[in-house]
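Next up: a single chain in structure tokens, the form predicted on its own.
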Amino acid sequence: MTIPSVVTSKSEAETSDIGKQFAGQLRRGDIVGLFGELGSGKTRFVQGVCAGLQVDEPVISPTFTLVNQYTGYNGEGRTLQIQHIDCYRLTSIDELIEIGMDEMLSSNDICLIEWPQLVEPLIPDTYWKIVIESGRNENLRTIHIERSFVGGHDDSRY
């Protein structure tokens, strides 16, 4: 299912549902960068993505652990490894290199990265960019979804 590139969410449940729909577009090795201020709904979106990928365990923010790993399944029932990475508390990019971020990003795992702007040098040129903006009221969000191709369009995997 293809969802529009700009979606409005009026609740946490809708943000999760949008993530669940988006999960249908993901393929092995995809990297998703989630941008937005604190409390904007990045983790709620990730929870929806993981629900769409049939993760059957609680999905929580890895703010203090930096990385949570989950097992999910694609539409054909094949196992997928999912890395949920939160870069908010990083003091240097070296911390992620030490825990193997470069290997995660070059693997066939799906990587969901909150606060990716803090580790941009490690992120490949082609990735999904999700920007979540808070709205006028507490629950209103505008979610921008785009496929980012730095240095030109690359459709070799798609």
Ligand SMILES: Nc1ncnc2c1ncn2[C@@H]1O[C@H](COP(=O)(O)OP(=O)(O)OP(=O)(O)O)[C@@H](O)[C@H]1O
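Numbering starts at 1 and runs along the sequence shown. Please read all numbers here as calculations on a predicted model, not as lab measurements.
Just so it is clear, the following notes concern the form predicted together with the ligand, a form of the same protein that is not shown.
Each of K20, G24 and Y73 within 4.5 Å of the ligand in the predicted bound form, by any heavy atom, yes or no? Looking in the predicted bound form, the three residues K20, G24 and Y73 all stay beyond 4.5 Å of the ligand (heavy atoms).
Can you check 36-44, 117-125, 65-73, 100-108 and let me know which stretch has heavy atoms within 4.5 Å of the ligand in the predicted bound form? Result of the contact check: 36-44.
Using heavy atoms and a 4.5 Å limit, would one call E146 a contact residue for the ligand in the predicted bound form? Close contact is absent here: in the predicted bound form, E146 is far from the ligand, nothing within 4.5 Å, heavy atoms only.
Using a 4.5 Å heavy atom cutoff, which residues in 113-143 contact the ligand in the predicted bound form? It's fine if the answer is none. Contacts from 113-143: E114, W115, E138, N139, R141.
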